[in-house]
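Given as structure tokens, the chain that follows is alone and in the form predicted alone.
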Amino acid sequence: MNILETDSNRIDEIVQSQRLFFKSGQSTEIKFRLSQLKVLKKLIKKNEIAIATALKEDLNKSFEESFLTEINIVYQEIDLHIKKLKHWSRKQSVATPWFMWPSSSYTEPMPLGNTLIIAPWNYPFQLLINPLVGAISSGCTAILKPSEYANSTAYLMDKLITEHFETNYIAVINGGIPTNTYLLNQKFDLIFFTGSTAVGKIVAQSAARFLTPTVLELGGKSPCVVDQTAQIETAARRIAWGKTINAGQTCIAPDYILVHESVQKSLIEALKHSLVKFYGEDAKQSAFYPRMIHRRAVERMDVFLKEGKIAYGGTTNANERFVEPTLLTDILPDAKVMQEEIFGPVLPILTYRTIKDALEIIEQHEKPLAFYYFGNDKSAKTLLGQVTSGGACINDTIMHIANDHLPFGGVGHSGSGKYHGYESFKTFSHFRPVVSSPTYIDLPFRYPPFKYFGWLKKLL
């Protein structure tokens, strides 16, 4: 079933109703925010199977993968916000210079207002609802725009959100490019976008018309360096897992491997072993191996497969949206697979002799969303000091996203802005600085004709 475009009059009505609701002040009350976070958690608990079923239909995710990589991440986020919201919402005293005596100073978090959250198709539940937790927690309203490619999840989210929240507070708007375009022509107080860098640029340009702040969670070519000091079997297992969850359709998946030439062969063999252990000899028959989002994604992988030597895998079936986990070697630096973010289960493996060689390859690309290093701590420190990335893991992949106490976000072409945990609360809030001055005394130093300026200048 294709997603239908939302009527523009309906969008206008929802946008206007949310502006009025925010102005009423109801969404800013702490008691209300906490109650709505609990409503959100309750509806997810009640509909876990329905959510997992939708994800199965869209991406062939197993229940286990759906729970671990989507549902549970949202649970953790909600629980942290419920626990910490009262503390985060307090005024925070800050120091006041002596010459401002007897004034005092503090910051107070205020909700930004009416927000738009645009989610991608690869994690269509988590990346739609996780930012929503921050919007609710901070006291904002939200319009949620799911991806039209993940049809089942988009329809389910529309149904569940509509049943549990008033549309003048939280609403789902479905549709494709025309609906996205119309939404981006509206005035919001924050736009939160997760998706490709190309579309992120369009979002930023649209937001600039109203000077609307944006959070852009994008992607890029996240490198994975495997040094000769690495524990090869562990490295291979963690890389194979990070690359093949969601069939590689993960913004922080290892995009390519840079392995020291002395351990290339052993790494490839260990990767093969891990892939077979995960999905069996035929990944197509595995209950735990997802599918590509659509036929075009498979055809795109087919182009990449022609650009190197297939060391493992290589089977595709566009009708079944299937791409086998594939290891690719003997790739030329100017190959398309090394120029674009892969976003699939194709893993190019390049070798290097010195750290300098590896850095030269990494620096040919824009700043990535993630950086992974396997090896000893000394080399890790050296590389982390020279590679700028949104996030990083040492001797692991992906797991930095699992810690809701760590901020998540990109840098440069891989994005701007951060969220998760307290960072989500901050992202949807404005921390207003306030100076409170009593009236029982009014020192004359700041007023013309600056009678005591000479004395004051010496003290300053």
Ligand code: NAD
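As the structure is a prediction and not an experimental result, all values here were calculated from the model. Don't overthink the numbering: it's just position in the shown sequence, from 1.
In what follows, reference is made to the form predicted in complex with the ligand, a form of this protein that is not presented.
The stretch from 111-119, 307-315, 162-170, 349-357 that comes within 4.5 Å of the ligand in the model of the complex, counting heavy atoms only, is 111-119. Proximity to the ligand in the model of the complex holds for none of Ser286, Phe322 and Pro325, with the criterion being a heavy atom within 4.5 Å.
Taking the partner from the other structure, the ligand in the model of the complex has no heavy atom within 4.5 Å of any heavy atom of Ala247. Although the partner is absent from this view, Thr181 contacts the ligand in the model of the complex, with a non-hydrogen atom inside 4.5 angstroms. At a distance threshold of 4.5 angstroms between non-hydrogen atoms, Ala95 is out of contact with the ligand in the model of the complex.
Put simply, Tyr373 is far from the ligand in the model of the complex: not one heavy atom of it is within 4.5 Å. Think of it this way: in the model of the complex, the ligand has a heavy atom of just one of Pro290, Gly139, Gly219, Pro131 within 4.5 Å, and the residue is Gly219. Interface residue among Leu190, Ile239, Cys251, Ala154, judged by heavy atoms within 4.5 Å of the ligand in the model of the complex: Cys251. Applying a 4.5 Å heavy atom cutoff to the ligand in the model of the complex picks out Glu341, Phe343 from 328-346, in order along the sequence.
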